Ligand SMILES: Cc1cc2nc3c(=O)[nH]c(=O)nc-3n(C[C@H](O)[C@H](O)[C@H](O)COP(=O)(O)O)c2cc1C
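The chain that follows stands alone, in the form predicted alone, written as structure tokens.
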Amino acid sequence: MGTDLHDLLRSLRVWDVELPSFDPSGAPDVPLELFTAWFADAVAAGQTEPHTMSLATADEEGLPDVRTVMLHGSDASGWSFATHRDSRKGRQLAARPYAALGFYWPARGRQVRVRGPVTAAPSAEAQADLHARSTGALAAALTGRQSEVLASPEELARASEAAWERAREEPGAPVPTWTLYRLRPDEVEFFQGDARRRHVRLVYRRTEAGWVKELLWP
């Protein structure tokens, strides 16, 4: 007899850890500083893959799409990630260059949500970012054809093996379609979970005069 999904869902608990406190009155004036502090805290807490994030885009018809990608960096220019420009998300960003990011760190009961316009970095910068990563990352990029229909697992195996061989022999191999994107935030929200459901939500909104901070009801 199969597992009943609803019973399984009701059996689950969240934040079975001691949650940190968060006093928003002491938050810095810019969101990047708080993000950096929370990210370092998640790493120290042993959060698995804290650099993964949900990336939400919209297609040509305005329909939403989401997937998990890796954060490549975060600085005054924005939050960065990379993909092939001819992949599904690359095509969506070309048509609608606006996106949202979502980080979830259950080890600390924390979320960070970021949204804003997206631009592509210069090609040389994207190639440098790619070649600073692992051989496996380069091999995956060289395999290419992301989001295209795959005829069989064997076809992927052959292409991947050839890509791995080239990546090992030519660590500086160019991947013309590889693109580094930067999201310049219009809004950044920090969510701190609370065991009594008195969650703290602090949102930064960009204005012409600078960042404005507001609290939101949970």
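No experiment lies behind these values; they were computed from the predicted model shown. A residue's number is simply how far along the shown sequence it sits, counting from 1.
Beyond the structure shown, there is the form predicted in complex with the ligand, which is absent from this document and is the topic of what follows.
Chemist: Which of these residues, H131, R88, R113, R96, gets a heavy atom within 4.5 Å of the ligand in the model of the complex?
Modeler: For this set of options, the contacting one is R88.
Chemist: Counting any non-hydrogen atom inside 4.5 Å, which residue from R184, R168, R67, R158 sits next to the ligand in the model of the complex?
Modeler: When the ligand is considered in the model of the complex, the option within 4.5 Å is R67.
Chemist: Is the gap between T52 and the ligand in the model of the complex 4.5 Å or less for some heavy atom pair?
Modeler: Contact check for T52: yes, within 4.5 Å of the ligand in the model of the complex.
Chemist: Would you check, heavy atoms only and a 4.5 Å threshold, whether A82 touches the ligand in the model of the complex?
Modeler: Answer yes; at least one heavy atom of A82 falls within 4.5 Å of the ligand in the model of the complex.
Chemist: Are any of the heavy atoms in T119 no more than 4.5 Å from a heavy atom of the ligand in the model of the complex?
Modeler: Result no; T119 lies far from the ligand in the model of the complex.
Chemist: Though only this chain appears here, would S147 touch the ligand in the model of the complex if you measure heavy atom gaps against 4.5 Å?
Modeler: S147: yes, in contact with the ligand in the model of the complex.
Chemist: Given a 4.5 Å cut-off on heavy atoms, tell me which of 23 to 31, 168 to 176, 149 to 157, 44 to 52 is the interface stretch with the ligand in the model of the complex.
Modeler: Contact-bearing stretch, as computed: 44 to 52.
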